[in-house]
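Considered here are two forms of the same protein chain, supplied as structure tokens in two stand-alone entries, structure 1 and structure 2.
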Structure 1
Amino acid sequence: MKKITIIGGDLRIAKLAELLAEDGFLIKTFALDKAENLNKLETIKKCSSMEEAIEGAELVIGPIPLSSNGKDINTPFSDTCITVEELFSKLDGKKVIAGSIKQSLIEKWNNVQILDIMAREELAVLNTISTAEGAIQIAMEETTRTIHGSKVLVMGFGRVGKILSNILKGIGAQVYCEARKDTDLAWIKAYGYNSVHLKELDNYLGKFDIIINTIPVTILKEAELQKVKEDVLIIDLASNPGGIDKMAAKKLGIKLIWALSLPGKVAPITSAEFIKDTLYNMIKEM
């Protein structure tokens, strides 16, 4: 495979175009006209129409996520507006990779080979690095203490919890991990963190300087929030509804930051590299 076309997308996708070109692919782009990093590369062709861009492409890469409003694809580096319909109607028989694609779209456009890169587990794992660092950056900015020496609770020992705990310990925090399953508690002990069973959490809540949640279930409700330190910082990394009762936190005057989609925000270049690695895995399997 040599010819790849990239349509729309944010800074990560613009950087991805650059990385792919450096690796020897012939790249054509559309709706990335304002991506300045692409101007300097002669081997990337910025096309003036979607038709021109798609012609001859062996693979088409779209935005990650494909669409925010469900109707138009994301094109932050262009004034061009492209609907999802418009895009897919021109991709008959093509292979397409984009992110966070609705299942209904995949079913509707069954003449297009659509693959969702955000469904790849290795990308989810790699993105935890950026999410963890983003959370730590927020903790550094929003507290008047060093992370080193602080007592930090990580709620949930899934992908993000694992890497976040590892980095926090590397900085010198006193890391406590909350989990429910005996196996997770064993892993927490094996990695050298302090383990806190969900059932005992209430007894520990008052000691933490920072609490970072990764569980998409509301665990810290008003009763629990009444037990935290007055000057605690809570960072919620879980998607809707998150793990903290936002109303109760506000009422109690607790500093709470709900931080979503960190990888693209805090480390777009690293994210582009992770996307490239994952893309190559997907190409190998084609």
Structure 2
Amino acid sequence: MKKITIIGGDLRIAKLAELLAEDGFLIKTFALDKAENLNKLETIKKCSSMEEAIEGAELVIGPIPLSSNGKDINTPFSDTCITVEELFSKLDGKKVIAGSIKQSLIEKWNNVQILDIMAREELAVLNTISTAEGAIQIAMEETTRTIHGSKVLVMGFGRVGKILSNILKGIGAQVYCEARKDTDLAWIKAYGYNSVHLKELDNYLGKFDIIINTIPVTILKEAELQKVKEDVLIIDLASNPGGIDKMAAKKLGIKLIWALSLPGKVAPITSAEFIKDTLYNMIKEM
């Protein structure tokens, strides 16, 4: 496989195109016309139409996530608007790799081999590093306290929660981890963090200087938010709807930052390298 077409995407995908070209792939792009890093490599051709871009392609790579609104694919480096419908209607028989693709879309376009790179465990694990670092960067910028010595609650003990808690402990935070499963609570204790069962969370909320949520289910509603410190900083890392009642937080004057897609914002080059490594694993399996 030598010919790859890349359509849309953010800085991670633009950097990925550059990395693939440096590895010897022939790259055609569409809807990346404002990505200036792609102008310097002869093995990258910016196309003026989607038809030109996909002609002869052995693999098509789309954005991560594919779409934010469920209708249009993400094209932040172009003024071109491409609907999901338009994209897949032109890809008959092609292999397509993109990120965060709805299952209903995969089932609808059964004439296209669609693979979701974000469903890969290796990429999900590696992305937690930049997500955790990005959350800590926000905390450092948005509080008047040092992280060292601060009481920090991490809600959820999945991939992100584990990495985030480890980094926070390493820089001297007093780390509390919320979970509901007994096995997670046992691991929290084993790692030396303070464990908080979800059922007992209300009793602890007034302790924390910083709360970082990783759970994509609304946990902190108005009743819970009334119990937090007046100057608390809450960072929500979870995808829609998030773990915090945003209207209630605004009503109560709580500082809430909903920080989505941090890997692409805080570490696009590293994220592109992670995506490339995962992509190569997927190509081998093809």
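Keep in mind it's a predicted model, so treat the numbers as computed, not measured. Here, a residue number simply tells you its place in the sequence of structure 1, counted from 1.
Asks: Compare the two displayed forms of this chain and pick out the form predicted in complex with another copy of the chain.
Replies: Answer to the question: structure 1 is the form predicted in complex with another copy of the chain, whereas structure 2 comes from elsewhere.
Asks: Could you name the item of Lys95, Val266, Ile106, Thr218 at the hinge, where fit switches from one rigid part to the other between the two structures?
Replies: Looking at Lys95, Val266, Ile106, Thr218, only one falls at a hinge: Val266.
Asks: Could you check how many degrees the smaller rigid part rotates against the larger between the two structures?
Replies: After superposing the larger part, the smaller part appears rotated by 17 degrees.
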